[in-house]
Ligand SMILES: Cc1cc2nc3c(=O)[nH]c(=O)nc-3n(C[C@H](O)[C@H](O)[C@H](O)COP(=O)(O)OP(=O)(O)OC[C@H]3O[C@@H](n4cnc5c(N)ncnc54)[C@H](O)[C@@H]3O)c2cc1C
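This document starts with one chain, in the form predicted on its own, laid out as structure tokens.
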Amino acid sequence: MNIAIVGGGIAGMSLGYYLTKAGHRITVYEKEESTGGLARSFPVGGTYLEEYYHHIFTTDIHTIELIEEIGLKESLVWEESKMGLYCDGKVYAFGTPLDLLKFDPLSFIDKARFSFSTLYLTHTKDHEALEEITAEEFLLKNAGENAYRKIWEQLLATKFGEEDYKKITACWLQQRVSSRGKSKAGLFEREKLGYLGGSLKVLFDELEKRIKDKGGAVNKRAAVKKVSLDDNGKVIISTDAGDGGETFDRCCLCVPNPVIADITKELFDEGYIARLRSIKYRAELCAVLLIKGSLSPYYWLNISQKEVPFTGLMEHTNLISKDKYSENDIIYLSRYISPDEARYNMNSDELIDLYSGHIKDIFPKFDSSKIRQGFIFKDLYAQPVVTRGHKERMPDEVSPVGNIFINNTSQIYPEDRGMSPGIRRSFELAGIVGGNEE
């Protein structure tokens, strides 16, 4: 069959690869200059780096299997990582039971409750019960007030927004904690994280090559403006090029729900369009700074203080050696945000200046003169907001039009948005999209 895929992120490109393997002719439409979506890379220091920080957990089996299958196993390196938490004006190590014992903001009882609640979330199978309560309700009852306020609340609030974070399901929290907890070799071990040498660009380049080698196409800078049907029920993909569009047997929409609603508003009925739009998203705002000198020993530093304008400080070169990046130390300053917030619309210099002051608050030896280069990246639809009832709102993989399918991050629930569950869904969906024609 001749199949169109709208969206060149991991969902679209892995689906295109699996459908190509099954003998179908694939055409991918991607609006940006390169594939990758939220895993897109940019050139830096003689190589490439992801615009938004990325790593691979040992539990990300679908990502690992795909990397190995397409011949990139030797490029995947595994390194021990260290995690920290900035709380009450101090940076704490925060990744092992011993670290927790040294965490001053919690009492011994608080630490015990935090530990037991985390172990429960890591190993429980009672997903139905967790679907019926919120993450806040679970944490207040089981981890306790202090652990919730000091560790969890600010992380939830910035990920999902002040309006919605109290409505996030405990089932989502369980999946998030479980995937992290099971990625450690042992209780007292630190996480080992994987990284693909040359960035995830090498993965997307190889997927593109595989699609093209089988007669397919990957059209970049090709924003889809409308999806419609011809008189014979074939799918017409019209782009901003303004031509008459191309015709396909089937199509899979691997883009966020609001984008699907925009390009199918003449195809789907109003009720279905409203359902697509009912799922909220949080935008992502990320600064990548090339600096002189390391800030700390931590790869991942969570920020639990509300006044700090970023909630994660990832020091990439504490995971991957800076000699890969022309001796630059590299940090990511990440935050989920509403696009209506002033910060989202600041210019690069303003935002980097704001962030620099807060980095200095956390690490007093830092000053802005150490910044060699800075980059700002934004994405409107980075994180679906998974409040109670999300399971009923998220679109099915088969749309109301039988030869049009949907594959995006809103359907990964209760798992957290990530590459590995996206690849798994694409593998499963390939059998449906490429199944026998009616």
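Note that the structure is predicted; figures quoted are calculated from it, not measured. Sequential numbering from 1, following the sequence displayed.
In what follows, reference is made to the form predicted together with the named molecule, a form of this protein that is not presented.
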query	finding
Non-hydrogen atom contact A223 with the named molecule in the predicted complex at 4.5 angstroms	yes
Contact test in the predicted complex: R388 vs the named molecule, heavy atoms, 4.5 Å	no
4.5 angstroms heavy atom contact with the named molecule in the predicted complex for Y29	yes
In the predicted complex, Y165 touching the named molecule (heavy atom, 4.5 Å)	no
Selected contact from A39, I371, I376, I64, since only one has a non-hydrogen atom within 4.5 angstroms of the named molecule in the predicted complex	A39
Partner contacts for 4-26, taking the named molecule in the predicted complex and a 4.5 Å heavy atom cut-off	V6, G7, G8, G9, I10, A11, G12
